[in-house]
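A lone chain, given as structure tokens: the form predicted alone.
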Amino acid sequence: MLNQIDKNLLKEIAGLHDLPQGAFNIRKNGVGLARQSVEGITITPKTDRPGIDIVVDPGVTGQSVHIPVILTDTGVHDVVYNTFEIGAGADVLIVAGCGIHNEGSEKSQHDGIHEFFIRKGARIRYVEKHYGEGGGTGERVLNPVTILHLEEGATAELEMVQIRGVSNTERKTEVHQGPHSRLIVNERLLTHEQQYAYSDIVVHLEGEQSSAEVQSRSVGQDRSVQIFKVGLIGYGPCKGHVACDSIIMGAADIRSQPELWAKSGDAELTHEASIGKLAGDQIIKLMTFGLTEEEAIRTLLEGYLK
């Protein structure tokens, strides 16, 4: 069912070497390739548009859901709408992401719209990795949209990773938080050559004592362009913090635009941002251990983006 290219892509974006255990849905070139539900987690295709509904029953813990997407045909434009219903008190890992292998001259593109309803006291860890490869001249484009609704006491931890290979990406994330809910976002990004990456995160801290932590680490190389925008909006007693750190190399262009918006005197919102270059003494120190300059830089960047 899976050829070697498919397996390579699934390994890069989801750590899979074959079909996973537990609940999963694998999509390839715009159609469902394989799907499996398990006790407590149901995955069903939508009837009105492309996509799936994932329902996690209340109280389900220790389970995982894999929903990777792969594109291996050139000229494909895949759009999918996925809806997640996470029952009260559940605690699950969701592994998503998209990998594109483009050997042709036409653009291959995936637009994934994911909406989460995380009920009272539930928790998710959501991992989304993007990866591109192939020797063709066609672009590899990924445009994810993530919308989260957190009820009272809910927690969402998002890990969003894109390391090389993606020509163009526009990522939009919108979060609405209820009382005592918690959001953690960790975004890691590396661009090179002429690549373009735009990330726009808006967090509505609507519930009392809700909290949000958003951290972005990025590396821009060659003539690539990065734009990172994040807005925290506090409506009452809440806490939010943004940290944006970037390393710029070559003739890259990096813009960091954090915004804090307090609609209440009880909102506590902070941010820090920095853009700089690799420290020369760190490179020299690694070279004294026998690494070439290129190896030293690669080692430092890998550590920075972990």
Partner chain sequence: MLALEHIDLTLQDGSDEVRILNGISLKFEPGKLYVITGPNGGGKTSIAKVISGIYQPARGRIMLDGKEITGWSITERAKQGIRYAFQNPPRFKGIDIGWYLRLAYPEITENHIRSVMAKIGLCPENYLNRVVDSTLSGGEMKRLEIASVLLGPTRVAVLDEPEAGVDLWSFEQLRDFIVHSHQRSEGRITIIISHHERFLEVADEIVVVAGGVVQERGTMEKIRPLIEEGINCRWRNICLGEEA
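Positions refer to the first chain, counted from 1. The shown structure was predicted, so the numbers you read here are calculated from the model rather than taken from an experiment.
The same protein has a further form, the form predicted in complex with the partner chain, not shown here; the description that follows concerns it.
Can you say which of 253-261, 275-283, 63-71, 31-39 gets within 4.5 Å of the partner chain in the model of the complex, counting heavy atoms only?
Within 4.5 Å of the partner lies stretch 275-283.
Test of understanding: in the model of the complex, would residue 299 fall inside 4.5 Å of the partner chain by heavy atoms?
Because a heavy atom of residue 299 falls inside 4.5 Å of the partner chain in the model of the complex, the answer is yes.
Given that the partner chain is not shown alongside this chain, does residue 217 nevertheless sit within 4.5 Å of it in the model of the complex, heavy atom to heavy atom?
Looking in the model of the complex, residue contacts with the partner chain include residue 217, since a heavy atom lies within 4.5 Å.
Report whether the minimum heavy atom distance between residue 288 and the partner chain in the model of the complex is within 4.5 Å.
Contact check for residue 288: yes, within 4.5 Å of the partner chain in the model of the complex.
Hey, in the model of the complex, does residue 268 get a heavy atom within 4.5 angstroms of the partner chain?
Close contact is absent here: in the model of the complex, residue 268 is far from the partner chain, nothing within 4.5 Å, heavy atoms only.
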